[in-house]
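Structure 1 and structure 2 below are two forms of the same protein chain, each written out on its own as structure tokens.
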Structure 1
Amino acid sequence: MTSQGAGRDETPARERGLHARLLASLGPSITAGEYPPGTVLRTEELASRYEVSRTVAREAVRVLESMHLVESRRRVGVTVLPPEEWDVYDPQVITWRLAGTDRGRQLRSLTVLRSAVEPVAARLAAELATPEECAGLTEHALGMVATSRGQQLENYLVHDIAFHRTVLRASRNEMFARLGDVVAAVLAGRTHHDVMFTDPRQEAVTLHVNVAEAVRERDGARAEAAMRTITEDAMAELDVLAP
């Protein structure tokens, strides 16, 4: 009795739920361009290929369709859509693209988005931040200072992420706040994936301190300017690493 395949898993990440596993396999494949736009998949084929029921395959396709990664039409099948159609703000799609071959382009898009959003968020934060948020900002800025030397990149990253998240949340704009996860992913990617063996630049650290100060002093213009420099540095850094 060779009960084969009972535990052989094709997909590296084992999400819970069969449909989630299928999604975690199909989504990255599509965003990576493994199935070029126009490629037609059939749910029945997917079901047999992944050894799941048609029900499960259909549910995964439904989710992909809601992300505009595919389009399902009768008598035709499930057609892969071109990247222009994709919901590029969907956190799931962003994650998939950051993990795949599209990583560079995705990182560039997100960094430009940051350069637009974060300065404005900083200005709003200066107007609207609660005392607790001001304190948090200062705390994390000082944390960045403390961990900016001596190869403490992981600890530095924690403060960096928390700092930007607090600014975005303090802007009191739900759409800005939602970008916290995205910024976290970008910052984490820079530390973990890209070349960043050296300590952070002291200028960057100082700028974060400046933002915290400006917010505390309700100086919107200064907070915006400092944050703008931070995001411009991030873009410049990206151009140096991958021109």
Structure 2
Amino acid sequence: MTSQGAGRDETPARERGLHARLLASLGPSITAGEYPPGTVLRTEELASRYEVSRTVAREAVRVLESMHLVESRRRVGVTVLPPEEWDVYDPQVITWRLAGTDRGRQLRSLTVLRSAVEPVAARLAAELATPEECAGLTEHALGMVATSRGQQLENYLVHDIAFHRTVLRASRNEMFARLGDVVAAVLAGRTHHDVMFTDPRQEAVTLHVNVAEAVRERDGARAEAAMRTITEDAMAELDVLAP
């Protein structure tokens, strides 16, 4: 009985693995331009090329459709859409684009977005953050300090993402809060594609501490100014690390 049950469970698990593998290959290929806009992809051809079932291929296409990377039409097939149609706020699309050759331009575009949103979010957080959120910002800022030496970028990233998510959430603006995944994808992309110094600049780390202090002290102007400097410095770093 146990072995039969295990056997039944293996097929969905295997299909999920194949589905993820297909997406991990096809998604970046589309965002990198290997399949130009207007390219028609047929489900049966995808299944054959990637050695998966048609069911797996159809499921992958549905995910890509949800991201507006492709459009499926009867009697035509799956058509690759132009970049203007893509859901550029989807964290997976961001991750795929950052893996491509256009990484520098993508990072600059996302950093401009951060520059427009995060300073305002920090000011609002200083007005509206709960005591628990203030404590969380302090905790993560200190975590960034503790992991900013000795090439601990992955550990640093955990605190960095949590810090910025907390600021966006504490702004009490649901639109800003939804950008938490976008900012997380940007920070992770910079780390995983070596668009970070081996150890974060201590000035940047200190600025995060300053934001946490300003939010805790309800000093909106100071929180906004410190966060604006963080995003401006992030853009300046791109000129050095991703020219």
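Here, rigid core means the biggest group of C-alpha atoms that superpose within 1.5 Å across both forms. Predicted, not measured: the structure shown is a model, and the values here were computed from it. Residue numbering: sequential along structure 1, first residue numbered 1.
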> Just checking, which of these two is the form predicted on its own?
Replying inline: 2
> After a core superposition, would you say N210 shifts its C-alpha by at least 2 Å between structure 1 and structure 2?
Replying inline: no
>> On a rigid core superposition, would S25 pass a 2 Å threshold for CA movement between structure 1 and structure 2?
In response: yes
> Quick one: once the rigid core is lined up, does P131 have its C-alpha move by 2 Å or more between structure 1 and structure 2?
Replying inline: no
> Taking the rigid core as the frame, how far in Å does the Cα of P83 move between structure 1 and structure 2?
Replying inline: 3.5
